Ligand code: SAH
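Given next, in structure tokens, is a single chain: the form predicted alone.
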């Protein structure tokens, strides 16, 4: 049952218990969001995560990919000027991130299986030997169990692997030769090996329904990832989906808000894709429940070649700091490790008087 409550004397809204978020309730919210839904999510974010927007520095170190995903500009058959940074280039860029005061580095690439586990482990070990206190997040696509184990053993802290959609048919269509069950096995394996796991979906995919989005949210609630990344689909001109429509800013913000309420302890980024969709997109996400922003530190000679989707601007540290300020928040330079779910739910229960 929903109840009304006054919070901080500023506005009144309906408070929904976690049990209220059944599939139909999620579908209803995605079709017509609950009044003050974003304010509810922002309050939950404030209570659990505090005022800081955690800054994490991204390095897109390789644009090689062996997959043929229909929406991605890095797909194997595209004629791109491919690059792969060497260990020295990566370490030099990590140094810039650390000198900026940032405590998490995200190493991201396509599914570059030619960059083997031994090479990746050497990269992580070198970073950890020079900067032992920082967190290393990997976003490398699907790798072997052997690679995952080795990367975890050599010091990698987190792994980001988006499931994109929980609709098996749509997943197979978007990822030729791959299936959703396989993706989920990778996610569960990463958790078993001790990674802090990030995952998430895309909104506005061709053929996607509000029922699909509700199922995405229910999976997030069940899996309870340490990071939840939700971004809009943006058609890339060199892909089979080039003539499709963009995802909706409104729907993406609603998904972020619902994710914050369903998985209150999860770190949620204001994604770069949102900034490409709308110049104010990241600020709006920070006001709808997001608490992370990830500026791009890829060396400028290569950053323009990482063409997952068309980018209207580069989100560097200066832009990220302006966005944080515009949202009325403060930058957070800590590691931003996982928040314990039980503590988060207690905090939410306290302020909402469950």
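Residue numbers count along the first chain shown, from 1. These figures come from a predicted structure and were not determined experimentally.
Beyond what is shown, the protein has a form predicted in complex with the named molecule; the following relates to that form.
Between the options 84, 152, 128, 183, which residue brings a heavy atom to within 4.5 Å of the named molecule in the predicted bound form?
Here the answer is residue option 183.
In the predicted bound form, which of the listed residues (140, 102, 220, 277) lies with a heavy atom within 4.5 Å of the named molecule?
Answer to the contact question: 140.
Among 280 to 288, 67 to 75, 258 to 266, 117 to 125, mark the stretch whose residues have heavy atoms within 4.5 Å of the named molecule in the predicted bound form.
Among the listed stretches, the partner-contacting one is 67 to 75.
Going by a heavy atom distance of 4.5 Å, is residue 61 a contact of the named molecule in the predicted bound form?
Because no heavy atom of residue 61 falls inside 4.5 Å of the named molecule in the predicted bound form, the answer is no.
In the predicted bound form, residue 135 touching the named molecule (heavy atom, 4.5 Å)
Heavy-atom contact with the named molecule at 4.5 Å: absent for residue 135.
Answer with yes or no whether residue 308 is in contact with the named molecule in the predicted bound form, where contact means some heavy atom within 4.5 Å.
Residue 308 belongs to the contact set for the named molecule.
May I ask you to check whether residue 167 falls inside a 4.5 Å heavy atom distance of the named molecule in the predicted bound form?
Because no heavy atom of residue 167 falls inside 4.5 Å of the named molecule in the predicted bound form, the answer is no.
What residues, if any, in 109 to 129 have a non-hydrogen atom within 4.5 angstroms of the named molecule in the predicted bound form?
Heavy-atom contacts within 4.5 Å come from 109, 110, 111.
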